[in-house]
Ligand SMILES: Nc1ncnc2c1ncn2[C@@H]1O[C@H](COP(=O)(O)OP(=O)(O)OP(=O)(O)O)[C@@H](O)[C@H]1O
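Below sits a lone chain in structure tokens, taken as the form predicted alone.
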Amino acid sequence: MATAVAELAGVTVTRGRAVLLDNLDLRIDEDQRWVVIGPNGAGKTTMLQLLAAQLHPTSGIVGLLGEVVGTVDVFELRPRIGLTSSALASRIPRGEKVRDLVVSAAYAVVGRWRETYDEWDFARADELLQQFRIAEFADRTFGTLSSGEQKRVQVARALMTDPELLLLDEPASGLDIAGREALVATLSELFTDPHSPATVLVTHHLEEIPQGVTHCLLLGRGRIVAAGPLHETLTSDNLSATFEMPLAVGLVDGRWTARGA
């Protein structure tokens, strides 16, 4: 039986009178690749913050990597979780060299300072840069890269520590078609690799779902509309209920689409 890397049990998150997440139950196993889809304000980023050990629930239990959030030092949990997000990206110095940006994930810092690394660290960083086809940019500064190249660097950085759980918060947002397709192709290779960690990808757009995704969570108004195996869950009826409008889901050559019905 597969081991759970994350479990939410009766999880609710409130801010004042606003209910951001309402009584969520979810289990993510080590061999699963999840996509989370929902409209703006559905609670997707809040849920990802829970899974990243960056937020405590107002009520309910969050289990991560065999520990219960609130009973363990989160600074011990976080290095075991890889994360890409716009909030993290905004903290990256534009003058930081790409190789340094990736290798510094070993210390969970953004921007190298006085920390030291051994040969294994640099070998691991170079391996990831090669895997994501950005090795030629190793000595370039982050700010000189295109948006698509920057996204791939961020995913490589998130994998630097060999995390047990990988969280990707709208990694294709802001990319043009070429950048999106290059990133989706890269993520498809990652998601279909049986040695990759359990992954949760948040997106608004079905076109951004890579090959290899096994499960889908549809989130609306802070509640789970549907959750389960991808092909059983991502249906026109479920997506229509999630976005509260008639939508038709399509699947062509392994790529998902959605349009108004």
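Just so we're clear, the structure is a prediction, and the values are computed from it rather than from any experiment. Counting begins at 1, following the sequence as shown.
Below: the form predicted together with the named molecule, not depicted.
Trainee: At 4.5 angstroms, heavy atoms only, are 15, 18 and 204 all close to the named molecule in the model of the complex?
Mentor: All of them do, each having a heavy atom within 4.5 Å of the partner.
Trainee: Which residue among 45, 32, 54, 235 has a heavy atom within 4.5 angstroms of the named molecule in the model of the complex?
Mentor: Filtering the options by heavy-atom distance leaves 45.
Trainee: Which pick from 170, 189, 164, 96 sits with a heavy atom within 4.5 Å of the named molecule in the model of the complex?
Mentor: Selected option: 170.
Trainee: Can you say which of 35-43, 61-69, 224-232, 193-201 gets within 4.5 Å of the named molecule in the model of the complex, counting heavy atoms only?
Mentor: Checking each option against the 4.5 Å cut-off leaves 35-43.
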